[in-house]
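Take a look at this one chain, the form predicted alone, written out in structure tokens.
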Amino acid sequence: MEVKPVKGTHDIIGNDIILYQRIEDALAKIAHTYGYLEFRTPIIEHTELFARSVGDSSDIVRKEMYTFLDKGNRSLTLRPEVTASIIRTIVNNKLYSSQDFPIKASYLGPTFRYERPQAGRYRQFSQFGVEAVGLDSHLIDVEVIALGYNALKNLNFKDITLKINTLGDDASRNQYREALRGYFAGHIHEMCIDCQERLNSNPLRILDCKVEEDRKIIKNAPRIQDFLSEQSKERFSKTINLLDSLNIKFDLDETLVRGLDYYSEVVFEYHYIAPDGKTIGALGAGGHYSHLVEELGGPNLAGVGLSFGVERLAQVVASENLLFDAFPFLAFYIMPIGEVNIEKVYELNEKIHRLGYPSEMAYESKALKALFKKAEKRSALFAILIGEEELEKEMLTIKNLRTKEQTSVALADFDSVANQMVEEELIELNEER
């Protein structure tokens, strides 16, 4: 009997795994650049953690969590997001008492949501993110936004648009929530079931509805800007002015509320427009939170974070061919010719590995035509042709498989020559793209 993967999950193999590793390495590097240290938290948590943090009115808690009772009759959940786990870790380990603020955490790992599988979205997916906790400043908000923006730039995304909004402070949001409840009460009988349920639990979430007919009603809803306190107005003004000075393009989106109930003040999403003009949608998102640490048993500390779905990034990177070096290639393919001492050829292959270059060799002599086909199939940059005469003279013949140029190199000089050849070839290939 053939057993297939669970719906909404997928195997990552072959060329895809190299693409994922390249994306994950780039994300980890940008987090390190900004001083964020990796946290690794369990993928299973007590259900209460997400019910308290994410919010009962969120779609995640209402519809999408994988929740089960363990053998001790405890309610556990496969984590649907990682922010709550990071905050729990900070609280449990009392990191706020022994570290300077902000506490900077990054993470990368599997998350689980029971939602409709579609391109770039799965029920099990890898999520990368960062959290900065303990310092309540628009400067930290902008740092996290800039980190995400630069992460996408490092992955060669060109046309990135930052959508941004503010939900205001507690007083602003409470007034706005009541204004929305009053407005939507007169239309709610015309709206979808989800909106009807959100009217009493959290009318802010109605703004995120994607139903076309509901969007027409939402268009005339009260605006958050009319309810902001002077402090929230000033904070948001400072945020967007600083983003502007950093040349980070943004669009103000007054309907942007995000899907998690713990957000306050600034919220944001990164959107990408393909060269053909098609809008891919949100690649990642985040926002500020004022009470999440306190809600989970810690002191009253603010924080801000963002996250990217690695699968979504991989889908776009692959379809748009954004990363040349995310696909497998060999620097060298070694071709033994004739009755050559195969052990000596193997020693050369191992020498190349120790230099840090990907290389393979043919373990048996074959016709040159067949060997070149194998080199091409492995996307090799160079072929090294080596026979008894080359071994006796301690010389190598290196052929550029793109330009077809051949060079004779002394074995003793290979280290320095190889480095120069590979670097120059990668530059040429990237320029050709």
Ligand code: AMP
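Given the structure is predicted, the values throughout are model-derived calculations rather than measurements. Residue numbers run from 1 along the displayed sequence.
The same protein also has a form predicted in complex with the ligand, omitted here; what follows describes it.
In the predicted complex, at least one heavy atom of R113 sits within 4.5 Å of the ligand.
Residue contact check for R121: one or more of its heavy atoms lie within 4.5 Å of the ligand in the predicted complex.
Contact annotation for P102: none of its heavy atoms lies within 4.5 Å of the ligand in the predicted complex. At a distance threshold of 4.5 angstroms between non-hydrogen atoms, A282 is in contact with the ligand in the predicted complex.
Contact check at 4.5 Å (heavy atoms) against the ligand in the predicted complex: all three of R258, G309 and R312 pass. Proximity to the ligand in the predicted complex, defined as a heavy atom within 4.5 Å, singles out one entry of F125, F236, F184, Y272, which is F125. This chain is displayed without the ligand, yet in the predicted complex the stretch 125-133 from 93-101, 188-196, 125-133, 159-167 comes within 4.5 Å of it by heavy atoms.
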